[in-house]
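Coming up is one lone chain in structure tokens, specifically the form predicted on its own.
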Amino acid sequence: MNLLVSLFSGVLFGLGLVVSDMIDPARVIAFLDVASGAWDPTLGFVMAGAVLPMIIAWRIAAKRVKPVCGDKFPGPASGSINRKLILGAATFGAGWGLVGICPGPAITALSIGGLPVLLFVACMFAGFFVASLTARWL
């Protein structure tokens, strides 16, 4: 059952990215480029469309003892802000700002193909590998 819920959630997320055109790096970069005069606020609406249902879902979940699918509700991995979190957030933000693609939309954008998307996904997986090798030093 958990696998089906995960599959459905992933498909729904990917479909939302496609319908909202958030798999287009130019649209994301236009949202991030507030100084150019050609700012595109649509990503803000997409984020609001995701945050509002999550607020409702968390309020409902707070009243439950156990989740519908799973043994327990996930909690934060760590309550502290550390070097690993800051470095990871900065790297993610820099990559997203420079290219306009983050991992979820990158996987979804594979459906439309193109060399830039394939190159990004290949580099993303290379980054995962390098991060796993360097994790002990952080």
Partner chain sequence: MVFNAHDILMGLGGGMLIGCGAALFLLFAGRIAGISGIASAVARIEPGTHYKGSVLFLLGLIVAPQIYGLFHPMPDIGVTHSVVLLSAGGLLVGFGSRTGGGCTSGHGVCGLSRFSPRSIAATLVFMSIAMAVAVFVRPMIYG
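Numbering follows the first chain given and starts at 1. Here the structure is a predicted model, which is why all the values come from computation and not from measurement. Take the two forms, find the largest set of C-alpha atoms that superpose within 1.5 Å, and that set is the rigid core.
Heads up, the form predicted in complex with its partner chain isn't pictured, but that's what we're talking about next.
- Contact annotation: residue 35 falls within 4.5 Å of its partner chain in the predicted complex, judged by heavy atom distances.
- In the predicted complex, at least one heavy atom of residue 77 sits within 4.5 Å of a heavy atom of its partner chain.
- Residues are counted as partner-facing when one of their heavy atoms sits within 4.5 Å of its partner chain in the predicted complex; in 2 to 36 these are 2, 3, 5, 6, 7, 8, 9, 10, 11, 12, 13, 14, 15, 16, 17, 18, 19, 20, 23, 24, 25, 27, 29, 31, 32, 33, 34, 35, in sequence order.
- Annotation for residue 35: C-alpha shift under 2 angstroms between this form and the one not shown, rigid core superposed.
- With a change of no less than 3 Å, the CA-CA distance between residue 49 and residue 77 is smaller in the predicted complex than in the form shown.
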